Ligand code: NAD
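We begin with a single chain expressed as structure tokens, specifically the form predicted on its own.
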């Protein structure tokens, strides 16, 4: 695939600006019909997209197929919800006034997406963006640009008007920078790392920004937890997509009363994982996506062990690892609070178990972190659950389920004051974020 340059990105923005007014003038019902055609096109290409997704990203075929199916669902969801994106009439003190609000597209939306879910995460922006009447300029992560191109090819079969969706490949410092900083883009949507998010926030100053950034759990397991449920859910949170999920169970805070039993259970769950070629049906975990991620995972595990943690299982790359991208499912016991796996986003197949003596310490450790995306709490007590929901500073708190639990219509994003993003994606919340709220006042009599 040929990489685009800054000039290509500029041309794409011009095309979007020219196409957007006509697209915004299309009735909402007709836009919804277009989105349904796109959903059908994605579904018709499901097998091809899933196969390419596995080859390029590295996740097992079952996970890839699930992701493509959710991408098709995302277009249908936006088609449903945009019809009910209703404004309000507002009472006024002045009896001669009538005031109403309604939603209008922002204009040209720049979208930058990552490699861990390279089909569904783009759709989290593309579907509501198109439904709302925006024109889009989208650049994917370079390591998964091929499946991005295949997704656009499928979308093109639905006869979307030219210029409404513009796909530009290339590297962030050139193509991404142009999309973010060019005055021709009115708003920016980004999913990725907190470090890149900070750069984009500066470059896009003054533009509307919708950003879903990094996470670091935590998962909290209390003495009254159903350990069967907690183990299965936490293992899924640690090892699905080889841990390369922003909502992964990146650190696991376990009460001392159940620490040893939980550690044994999750070690056995890790032992059951089949690491291997993601194209083989028996494989349940594939490689990491790129060398930088593999190096980071190794660095974090080594740091934890050097500080006193013990690898109950894994803790290294497998012996047969010619690509250098495979890493064993790993459980770390007695992880100290000053280790990188507790303080940073590891983004790999690691379950770092931190022992806490009581609920107060669990809350203290949970709060002492710069991320604030998703957390989980396992307890049978409703009062305790609500206390943790209030106390833990994350945008989502899942009670008695994996940190990865989410559905397409549920608001997803980070808490204020943390490094996990701005705004909410998901369902109606994405639509609202990708629109301007306009107010009209009328004088009568």
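Numbering follows the first chain given and starts at 1. Here the structure is a predicted model, which is why all the values come from computation and not from measurement.
Form predicted together with this ligand: not shown, discussed below.
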Though this ligand is not shown, can you say which of 366, 285, 373, 252 has a heavy atom within 4.5 Å of it in the predicted bound form? 373
Find the only residue in 215, 129, 189, 74 having a heavy atom within 4.5 Å of this ligand in the predicted bound form. 215
Using a 4.5 Å heavy atom cut-off, which of 252-260, 166-174, 275-283, 151-159 contacts this ligand in the predicted bound form? 166-174
Full three-residue contact with this ligand in the predicted bound form, heavy atom 4.5 Å, for 236, 317 and 328: no
Consider residue 246 of the chain shown here, and say whether it contacts this ligand in the predicted bound form, taking contact as heavy atoms within 4.5 Å. yes
Considering only heavy atoms, tell me if residue 134 and this ligand come within 4.5 Å of each other in the predicted bound form. no
Can any non-hydrogen atom of residue 310 be found within 4.5 angstroms of this ligand in the predicted bound form? no
When the contact criterion is heavy atoms within 4.5 Å, does residue 113 count as touching this ligand in the predicted bound form? yes
In the predicted bound form, residues of 197-212 near this ligand [heavy atom within 4.5 Å]: 199, 200, 212
